[in-house]
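In the form predicted alone, a lone chain appears below as structure tokens.
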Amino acid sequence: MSGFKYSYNAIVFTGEDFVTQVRRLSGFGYDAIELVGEPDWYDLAEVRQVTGDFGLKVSSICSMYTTERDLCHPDGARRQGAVDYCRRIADMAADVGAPLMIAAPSVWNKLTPLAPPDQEREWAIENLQTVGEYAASVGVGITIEPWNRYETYFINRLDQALELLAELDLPNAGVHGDMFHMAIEEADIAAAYARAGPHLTHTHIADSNRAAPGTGHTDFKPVLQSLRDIGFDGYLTMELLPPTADPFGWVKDGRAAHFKDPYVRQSIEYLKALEAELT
């Protein structure tokens, strides 16, 4: 049976030249890089050139849902701005050959609705449908990500993401399971992945402390076994972040150096060793 594919979210490489990022991942055996969903941060021609030179793919675009990018905001202009942003991310994904973009129905740190919850859900479904249709037109899939209760009120578990998915008419859409959020919200991460089955199109991998696998208390072996059992063929993408509400600040200040070479190496070595033990 073929092994998993491994990717690494570039958020902790912020401010570093792209060649260095890709060389690091290639050197430690990764298959791909996940780009931060800020198109202006990248020269997309350089991304294509450098990833090609090192034999890496772009696994996905980690869309950044800041306050002004809310697909279910009461202000129609704000919602339209969020849709326009998502279209840019779909174009970015298509330009660099990434098969997926992460889609969030609301924004980070929105802990209570700004309109009746049913209305916000209606706006979210309407705009996810619009975004998904546009993404499909440029050959890109969308994957819906739940976040934990301390980061959003909207959807927090994979079953809720699946319910939202069922209300969309999008063959290019699936759900995304981030193990950091799941460690807070799911009773059993492996079982939640199993229930998602073929609708699971993306993962973010991290230990319970959002650091490299093996540094916290998450039991990864049953999780990997579950992913193998459902035939998951997406990327195991490390999304490791410093223990702060301002990860970009920590990265820029040089306080997250261990999230580069040390954690890049540890993550893939730890997971591949467990992968070798699976049935």
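Bear in mind that the values here come from a model prediction, so they are computed numbers and not experimental data. Note that residue numbering begins at 1 and tracks the sequence as displayed.
This next part talks about the form predicted together with L-Erythrulose (LER), which is not shown.
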- Query: With the partner left out of view, is His73 within 4.5 angstroms of L-Erythrulose (LER) in the predicted complex by any non-hydrogen atom?
  - Reply: no
- Does the 4.5 Å heavy atom contact test between Lys57 and L-Erythrulose (LER) in the predicted complex come out positive? no
- Message: If we define contact as a non-hydrogen atom of the residue within 4.5 angstroms of the partner, is Glu145 a contact of L-Erythrulose (LER) in the predicted complex?
- Response: yes
- Would Asp178 count as a contact of L-Erythrulose (LER) in the predicted complex, using a 4.5 angstroms cut-off between non-hydrogen atoms? yes
- Considering Val251, Ala212, Leu227, Cys62, which brings a non-hydrogen atom within 4.5 Å of L-Erythrulose (LER) in the predicted complex? Cys62
- Note on the structure: L-Erythrulose (LER) in the predicted complex has a heavy atom of only one listed residue within 4.5 Å, and of Glu185, Asp207, Asp95, Glu151 that residue is Glu151
- Across 106-138, which residues bring a heavy atom to within 4.5 Å of L-Erythrulose (LER) in the predicted complex? Trp108
